[in-house]
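Take a look at this single chain, the form predicted alone, given in structure tokens.
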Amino acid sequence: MPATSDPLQTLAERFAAAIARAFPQAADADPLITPCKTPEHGDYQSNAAMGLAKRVGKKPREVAEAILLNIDVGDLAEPLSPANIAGPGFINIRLRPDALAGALREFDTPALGVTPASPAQFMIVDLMGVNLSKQMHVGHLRSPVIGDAIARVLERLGHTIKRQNHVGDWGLPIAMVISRLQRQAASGQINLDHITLDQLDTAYREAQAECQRDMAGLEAARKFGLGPKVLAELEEQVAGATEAFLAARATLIKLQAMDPEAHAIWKKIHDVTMKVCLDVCRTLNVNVTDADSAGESSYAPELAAMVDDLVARGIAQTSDGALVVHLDDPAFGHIKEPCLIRKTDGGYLYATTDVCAIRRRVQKFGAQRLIYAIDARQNLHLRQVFGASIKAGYSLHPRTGQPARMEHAAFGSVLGEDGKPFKTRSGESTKLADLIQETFSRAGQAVKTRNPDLSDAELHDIGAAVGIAALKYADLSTDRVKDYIFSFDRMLAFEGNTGPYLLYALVRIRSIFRKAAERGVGDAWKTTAHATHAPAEKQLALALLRYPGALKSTGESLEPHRLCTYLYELAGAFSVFFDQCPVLAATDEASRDQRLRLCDLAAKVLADGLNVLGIPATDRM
């Protein structure tokens, strides 16, 4: 019997050993085992011979023949001979029926063939970056959706995951808002006890505007003699903005000193913002809680000591009055632009906090892998932060002494159907909560059209499930580094590579078992031995067995679209099986029960895969 339920993995191990025996000088060669695209030629194929031929100085067919002379797959596949070599050197492999049945038996457990990672690692996934006082908009959609899916995949593989919501909750921008709110509360314009996030969002924009001095306008008025009226207006604007800015700076000092009044307003802003943020996460079925949030404020007490450490060890150096870490050495990323750690005025930057976060996550928490689900436009910033952390030694694990693996799971932008950044008709960024509700509403309408007999309660629940599936799958099924077009019509389609299509595939399988119960079919099928006879049965079985490999590939690459592609192909294999292999109308009970076992496995894998993507299943649609 194979050591794993995945024949592809077993074949890869056997072929790798055969290559090492046949060609010791190329023992590291990848056996390149893939599923056969044409089932009539076999179930799997090794494409290693073509690449090996150049390395060992032989013709591809000679290489393939040498591999076959050193291979032992008799317990797994039909006998291999030169007749199995096709074209320039492809080796076709066909599983033995009893081996396939045995693989299905090994696979049919709660683990679904997934062997826990050994050794398991502790990893941290940075998957959000909301800012206090600001509504989450469409630009905040991809980070939690992609980051949570990556975290779920790694958890499914047996690793321990800590999620981190890196909240922008400190610094001058927040002090500007607090200063403005204090003045508005004092004049009776607002009631801080009942303030909403919409009001805070407005206050944020107004605070930014009132602190922005129009120096360019003032200089132009003086230079071109635009008259005393224009000059007076611009001087008044600059004076007012200067006053507002200085008030904000004073508020920041009070906030850093934990002044009770300033901190109380900060706490109110924090609580209102985070409640909306976490509500959105719950609605999206994203596993982020308050315990996962670590704001910039939590790093503030550590920054001065960290910067002193960088200076004392010569890691950070003064450049034009600022403090920087040079990264032009290849060991630190070979980056021309240094990482700015402290500004000339003594202020800290995002990079300072992010380096401090790495130090905490590795040195204190003991993370072995750090993953950042962050916009691709932040690539240089993260490379600088990673490089500075490596140079400082902060990325070295305190127990193993090995560097933590730091990765940027970059993603593109959400675009409208016009190919431009997705916005409302008025040109503003769409509120994420509004986008979600619009998706749920449209999903409910689509479900009602297909099933008008659903109750309001059922329609609400199913509409939400379909909406989440549509919204998240449209994102996750796209190669994350690419921009993707947001289209309600496309994502809510019940045909094609969409979330609703996968949900419907699962619902269709579950309906088979409801009908079986209605017809009095018992549970004898649960103990029926696995067997595949018809071609569509075999193709479905082979598709099921690829599940552990799809998860492993997704976890290594941090690319959720790989798992999406697998689930879509599995749903397609089930659709062919469903059309070609009657289940409840099978010609005999043995065939019926064997097919019910296949259906059961398909349902389990689809449900598990959707759950790993953060998409809840439903029994009806």
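Quick note: we count residues from 1 along the sequence shown, nothing fancier. Just so we're clear, the structure is a prediction, and the values are computed from it rather than from any experiment.
This protein has a second form, the form predicted in complex with the RNA, left out of what is shown; the following refers to that one.
Novice: Does the trio L197, R399 and T532 actually contact the RNA in the predicted complex, every residue with a heavy atom within 4.5 Å?
Specialist: Verified in the predicted complex; spot residues all out of contact, no.
Novice: Quick one: find which of 513-521, 360-368, 277-285, 302-310 has residues within 4.5 Å of the RNA in the predicted complex by heavy atom distance.
Specialist: It is 513-521 that comes within 4.5 Å of the partner.
Novice: Are any of the heavy atoms in E296 no more than 4.5 Å from a heavy atom of the RNA in the predicted complex?
Specialist: Yes - in the predicted complex, heavy atoms of E296 and the RNA come within 4.5 Å of each other.
Novice: According to a 4.5 angstroms non-hydrogen atom cut-off, is P35 in contact with the RNA in the predicted complex?
Specialist: Contact check for P35: yes, within 4.5 Å of the RNA in the predicted complex.
Novice: Just checking whether L570 would be counted as a contact of the RNA in the predicted complex - the rule being heavy atoms within 4.5 angstroms.
Specialist: Flag for L570 set to no.
Novice: Examine K59 and determine whether its closest non-hydrogen atom to the RNA in the predicted complex is within 4.5 angstroms.
Specialist: K59: no, not in contact with the RNA in the predicted complex.
Novice: Since exactly one of D461, D201, E261, D479 fits, which has a heavy atom within 4.5 Å of the RNA in the predicted complex?
Specialist: None of the others qualify; the residue that does is D479.
Novice: Using a 4.5 Å cut on heavy atoms, which of A111, L192, I315, I485 is close to the RNA in the predicted complex?
Specialist: The residue in contact is I485.
Novice: Where, within 315-333, is there a heavy atom within 4.5 Å of the RNA in the predicted complex? Residue list please.
Specialist: Counting only heavy atoms within 4.5 Å of the RNA in the predicted complex, the contacting residues of 315-333 are S319, D320, A322, V324.
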